[in-house]
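Consider the single chain below, provided in structure tokens and representing the form predicted alone.
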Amino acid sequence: MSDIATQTTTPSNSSVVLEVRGLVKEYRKAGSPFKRADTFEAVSNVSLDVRQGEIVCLLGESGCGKTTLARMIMHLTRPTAGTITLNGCEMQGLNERRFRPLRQYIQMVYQNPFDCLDPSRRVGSLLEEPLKLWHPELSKEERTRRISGMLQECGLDESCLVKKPRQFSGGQLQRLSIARALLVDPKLLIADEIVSALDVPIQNQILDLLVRMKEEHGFSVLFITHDLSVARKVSDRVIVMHRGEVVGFGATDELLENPSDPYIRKLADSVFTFEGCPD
């Protein structure tokens, strides 16, 4: 296994950050004995890649396998078959001890910010924790400077450090979640329906923030959404999933303007749920 921390960065048009090949996740049907015929595939032979500095949207209806796929990439769910490679490091077979050093390079922001922000702790402690874990060489002053800079980039000020998550709006909490994830300089950020619970104007602000931060810091994004208009707004490429399978994968405009797959045509013809602001 190569060392991800020492990988040489190449131009974004050729550097693959995430490579998934033939990924399968089987579950046994409830109440069934351990027989192959009594299993179903939540994810079926999925292959994809995400290149450096791009946003790839994973698009599909609820229950199509998007979150299961993300959990396998995050090493939270073990795949039944297939490979997952992050910056040249094949990781699906690693135990938790061997995978742990790679966790800082793949971060996730969730639909509900309370999933990753402990409501009983102050924001300053929540933001300092990943720096203590992944960058123990930093002094207290260096951690403070890094946190202050990241807050400023995410449109927040230092007054939030003494507050607890319950004192913030949903949009502010998502900004904090993004800031916390980016403090450790990840190679890949997985954003799982991060704007679906927000009002439309706040959605637009969070999406603009994500795109700007991606451009400034050079990380890659796997953006999970059921909303076609969100995918159109932020993505360089789109992966469309249906019933656990990839039914389309390509440049956003090319894939969605003239789709050949009937399911993608259905998505493309659906009423938008998000109205983006003009550029």
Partner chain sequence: MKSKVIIWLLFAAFVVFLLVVPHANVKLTDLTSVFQGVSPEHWLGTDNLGRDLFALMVVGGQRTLLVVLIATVLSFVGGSLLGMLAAYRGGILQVVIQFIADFVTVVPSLVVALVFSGLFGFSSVMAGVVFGIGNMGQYINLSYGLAAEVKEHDYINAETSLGARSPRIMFGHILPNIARQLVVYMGNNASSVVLQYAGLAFIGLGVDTTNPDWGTLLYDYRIYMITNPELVLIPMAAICLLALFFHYAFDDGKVNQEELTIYD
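Positions refer to the first chain, counted from 1. What you see is a predicted model; the values in this text were computed from it and never measured.
There is also a form predicted in complex with its partner chain; it is not shown, and the following applies to it.
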property	result
Option from 168 to 176, 129 to 137, 143 to 151, 84 to 92 whose residues, in the model of the complex, bring a heavy atom within 4.5 Å of its partner chain	129 to 137
Contacting member of 160, 117, 209, 188, with respect to its partner chain in the model of the complex [4.5 Å, heavy atom]	117
Interface membership of residue 156, its partner chain in the model of the complex, 4.5 Å heavy atom rule	no
Partner proximity in the model of the complex: residue 78 to its partner chain, non-hydrogen atom cutoff 4.5 Å	no
Contact flag, residue 98 vs its partner chain in the model of the complex, heavy atom cut 4.5 Å	no
